[in-house]
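Take a look at this one chain, the form predicted on its own, written out in structure tokens.
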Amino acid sequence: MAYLAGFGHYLPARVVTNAEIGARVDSDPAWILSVSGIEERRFAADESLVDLAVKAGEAALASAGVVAAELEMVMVATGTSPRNFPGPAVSVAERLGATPAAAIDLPMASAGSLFGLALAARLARGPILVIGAEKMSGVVEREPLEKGVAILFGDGAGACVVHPSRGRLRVIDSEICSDGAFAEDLKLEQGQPLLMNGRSVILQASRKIPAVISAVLTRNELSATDVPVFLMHQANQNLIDRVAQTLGIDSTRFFSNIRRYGNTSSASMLIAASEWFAADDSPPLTPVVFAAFGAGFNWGALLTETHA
């Protein structure tokens, strides 16, 4: 048994509007909003990926009432590591004061923090800090700018402390999946522009996310109508609405902050979770579902219940 004991997030100060990014790729701000649900996003200036991760990690540790020296492990999920190795996890752990806790990198875009939570819940003998951090602005601004990519992404970091014995959410079940047959449809080579087959990504995500959520819920004798809150990777508002429609529930059950932050890849789900908990410090005793889909393709769902 494991618990999600505390959440934290960090977003850079610089706000990039649709008008600003649209001018660079010859796109109308209203069109960007209509196709993505995004109105603005954040770009980091002088802050590194590690800086973003550390600030989110510190917030999660404070929320959970855990000090870094207690951590058994630090996991950092990102698709935008600036180098092949070492990954950012060792630097994040050192900056937090978590040494000699094991520092593990999950080089995964979009679904990384969901995989991190699922793995940490299965491994936790002591507290594990899971962080999703992305600096997508460095990808967005690579020439040649691609309209379908540049308008979508932003920077940020989210974090969660997974604890073996206490927390606000008890982890009930999870399922994580991969299918390498689609590996070429969404990829980022070192120093290269992001390549995305948008049609394939949306098609597969709109099928696989509802299916994995339904599988986890059915296994636990629940249906989507039993779940008042879904905390999902913030990829595209239209995708979130489509997933809700497939599950037969109103999209208002899906917490959404994509309008303000854009797609922050593996950071987005934990940023959403952190904001949701900050908005309601005493949520009702009900199931909460996390879900994500990303490059690989990798996808999954995690079922929790609020815990007094």
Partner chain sequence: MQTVAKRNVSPDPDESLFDSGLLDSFALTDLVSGLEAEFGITIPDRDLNPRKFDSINRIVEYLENQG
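Residue numbers count along the first chain shown, from 1. On a predicted model such as this, the values are computed, not experimentally measured, just so you know.
Not on display, but discussed next: the form predicted together with the partner chain.
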Candidate stretches 100 to 108, 123 to 131, 227 to 235, 204 to 212 - the one whose heavy atoms come within 4.5 Å of the partner chain in the predicted complex: 204 to 212
Distance check, S223 to the partner chain in the predicted complex, heavy atom within 4.5 Å: no
P82, heavy atom within 4.5 angstroms of the partner chain in the predicted complex: no
Contact of R242 with the partner chain in the predicted complex (heavy atom, 4.5 Å): yes
4.5 angstroms heavy atom contact with the partner chain in the predicted complex for D179: yes
